[in-house]
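First come two forms of one protein chain, each written alone as structure tokens, so that there is a structure 1 and a structure 2.
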Structure 1
């Protein structure tokens, strides 16, 4: 069904494109949609192009996993539009004709500016393109059951078709269509969340062919006073232990026990059995020829399945210590994969997690339908307990790579304020320098979000599709309203997902579609379809921006002569296909990459490379061409360089993050001022030589 909805969406988009493609033959038609887009359409298209999968799936997921810290992205992503509207929109429209390098170069007529700015458009577009393509693949795997690369190829092909045929006109339609869908269905989903309210007892039924049903975790009493912990279960014993140790205090913060136990099995009389395992009844044959993992023991004549699984220790202050069941995935030394102690398979997968464990007393376990403000205050209450998803990975003595997924009960008051994702508060025993770096990372990210939005190439090109500067301003206002409303709704989608216990423990990116699925297959199919059009809309904007940069800013300046309009359009189309193909390749190559990870960096690169040049060109008369060129190049090199030297990348290279030459993960706080400084110093130095 999801695929049917997606096909319908794509068909609408392609029909609209083919309808407009005859108008895309001219330079104006191909690159700027003949400057004839109505401001209201352009405004919704701003929203549709800007709200990427990182905003839609990424932020909802982060809110559902980390509470308020996910919402910080919403705040920062919207705040950037203030700069875009009040400072950038009108001058950009007045000064440029096709691309933002045009506008930068307006007063200088220096080919170097267009080359440098064109290069930065290409770099930022590619940085932004990769996570979008990866996101398409991530979506397609669980939704349509086809491999990751098919998702990337599918989206890539559709985008290439759209952009190469219809240029900016059809890109505008895709973005408009997507913006409208996002706003309408985020509102619908929010309404459904408020109607359902928050409930501690029954998680909503999961319809359809569900492999991620919610599950209530069992608890048993345990006595850990002796050498060997004793559990209050027949035929069960503790066989292994793993503790999470605080880096600074050396104390154990979480303790997990591996329990070997017997689960009742039912024989079918022909050598097959079924067993209740994590609420599920897998059917298996024992003894299997291939391995010993389905081991059936007979006790007093009754069959049992022997399972080893991990439980988390919960220390009670007054009552006894308890063990709480967890879920886990283990990769054995020989490569076999176990989920919850038995081989992974279509009937044995990780369950959905989340849910609210406790509500304020006056609700009696169920809020019923709540208003939008009430929902937020219920979540933020001191006595609310949220099942925050958490995981821990380690290798056992027997060379198993284990990842345990468990609930960390978090009070609402903590869940709804900063700190869970960005550890801004000083921890006990933490060296002051670590606290300082954490805080700088946070400030750096917020700075990049604030300054990056208005410098994103696929946003900047939208200013050239409307007739006048007035229209540019009006459409930006419409864009801000649409995006602002959407970001407020992300809060409800994220909280709704955790309240409904609709979280995939392995990835936060699936929270919004899984929330939709808790309301039924139709909404699930629509939301999944929209997730794909979101990728289409953002990617087509990015490819369009890159295509314009190469055809308009590179080719003429490199060949040192004007090229004909027809040649420009042809170049634009060819570049669109090439960039699309590069995007497909990178999307497949970087499939392991976290979607929201790269997006934050793309903002930092855009803010460092483009924004100082844009701002000072507008507001500082002493700015020179050489100053602009140096600032763009320094901005690109500094931001990309600092990213490549950051602890996060160090971890990706397989090195110790602590030994990374750059202590910060977020480059903005260094690279943005550096780029400003470069522009000022170089401009002052070169001012005498080349009068501006």
Structure 2
């Protein structure tokens, strides 16, 4: 079913692209759809292009993992449209011809502006392209059962065909198709969440498989008073220990024990065995007896799997200390991968996590059908206990790279207020400077989201597809309505995912599709297909923006001569292929990172490089061409440079994030004011050359 729906969606998109490709022969048809798009269609296309995979997959995932903090992305993404509506929409339509650099250069006729703005469009488009490709691979992997990189390659290929053949016309209708479907089915899925309500005992079957029922992670008592911990479990012993140390207090905040234990196994008579392990039944071949991690032992003539897995210590104030079962993935020194103690395979993979462990006493463990306000109040109640996903990674003494996935019980009052993802309050023992940096990082993100929307190239070019400035304003209003409705729904989709236990412990990006799967394969197939068209819609817009920048703004200025319209269209199509290929490579490289987090970087680069030049060009008469060029280049260099020096990138280099030269992950609070300041200072120094 899922594959059939996926194929239908892709076929519709390609047929629409083929049908509209005949209108893309001229330069106006290829780059701006001949300025013939109706404002209502353009408004929904705004929503379809803007509601990227970061909105659909990323925000829903962040809400399900971090509660209210994830919803702050929705607030920031929507608030940015205030600037677009009241400041940018009509002037952009009046001043532009084909591209964003056209608008900046209208009063100056300076080739340097075209080149600098074109470079900015390319950089921002690539930064925004990466999370869309990451999301594409995350989607296609469970949908079609193929590796992540093949999903990225598939999406890149389809988008290249769309843009290279149909240009802006096909891009517009792909975005219109996607925007309408997103709004309709997000509403349907939200309604299903409210009808189901919250149940602490009867979670839906996982992954659409009726044979894979919900699993309650086992708990055992442990005595840690002696030199060697003793567990209340036959034939079990503790063989390793790992503790998470608070960097400020030096105290152990989380303690994990590796336990060697016996699990009943069943022989298939041919050297293979099956054993129930954390609610799954993997099939495996017994390794040599000297293998240290897992083997089949016979006790009183019955086969048992000797497995080593990790358990989390829960210290009881009144009760005995307990070990709570966790999940883990281990990469051995020889490259083999174990999941929960035995080799990874189709029947042995990580289970979904999440769920609500406790509800207020009034509900007796089941809310039944709830209204939208009631669901929020249930989650925000101090008596509610949410199983928040958490993980920890480390390397053992035997060179195993281990990642443990577990639940961190979190009260609803904490889950539904800021602080889980953006720690703006001081922690115990935390130096004041760290608290300040955390707050600055949050302000920096919100500043980038608020100011970056109206500076995104694939959003700006939509203003050139309508006939008039009035149509540009009306299409913006339609886009804001659709986008606002969707962002409100993301809260219910994220909470519905955690309440349904429909979270992939390795990535938050799959929360919305897995929520849909908890209602059945049909809805999962439709939602996954829509998410795929979301990727197509956004990526096609980004590649169109980059294609226009190179073909229209770069080539003529670099060659110092005017080129024909046919040559511009051909160049645009070639660039679409090249940018698509670059996006494929980067999408594979950044697989593990949350797509909304990556999009935050794209917004920061756009707000730093594009917005200062655009705003001051419109509203400050002393703005000069040299000032615009300087501002764009400083914005690009500062924002990209600070991102490359940030703690998150430092970790990707394999270095200690605490030693990163840039203490903030979000550069906007530095790069945006710096870009504004550069434009003002340089324009004042060169104002004698400003046009009348």
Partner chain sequence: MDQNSLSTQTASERRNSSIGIRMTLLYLILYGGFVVLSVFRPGWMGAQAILGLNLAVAYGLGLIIVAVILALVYSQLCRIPRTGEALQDAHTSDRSFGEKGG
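Residue numbers count along the first chain shown, from 1. The term rigid core refers to the most C-alpha atoms you can superpose between the two forms while keeping them within 1.5 Å. Predicted model only: the values in this text are computed from it and were never measured.
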**Request:** Report the structure number, 1 or 2, for the form predicted on its own.
**Result:** 2
**Prompt:** So with the core overlaid, does the Cα of residue 188 end up 2 Å or more away between structure 1 and structure 2?
**Reply:** no
**Item:** residue 485: Cα shift of 2 Å or greater between structure 1 and structure 2 (core-aligned)
**Value:** no
**Prompt:** Cα of residue 513 displaced 2 Å or more between structure 1 and structure 2, core superposed?
**Reply:** no
**Prompt:** Where the rigid core has been superposed, how far does the Cα of residue 269 end up moving between structure 1 and structure 2, given in Å?
**Reply:** 5.3
**Prompt:** How much does the C-alpha of residue 302 move between structure 1 and structure 2, in Å, when the core is lined up?
**Reply:** 2.7
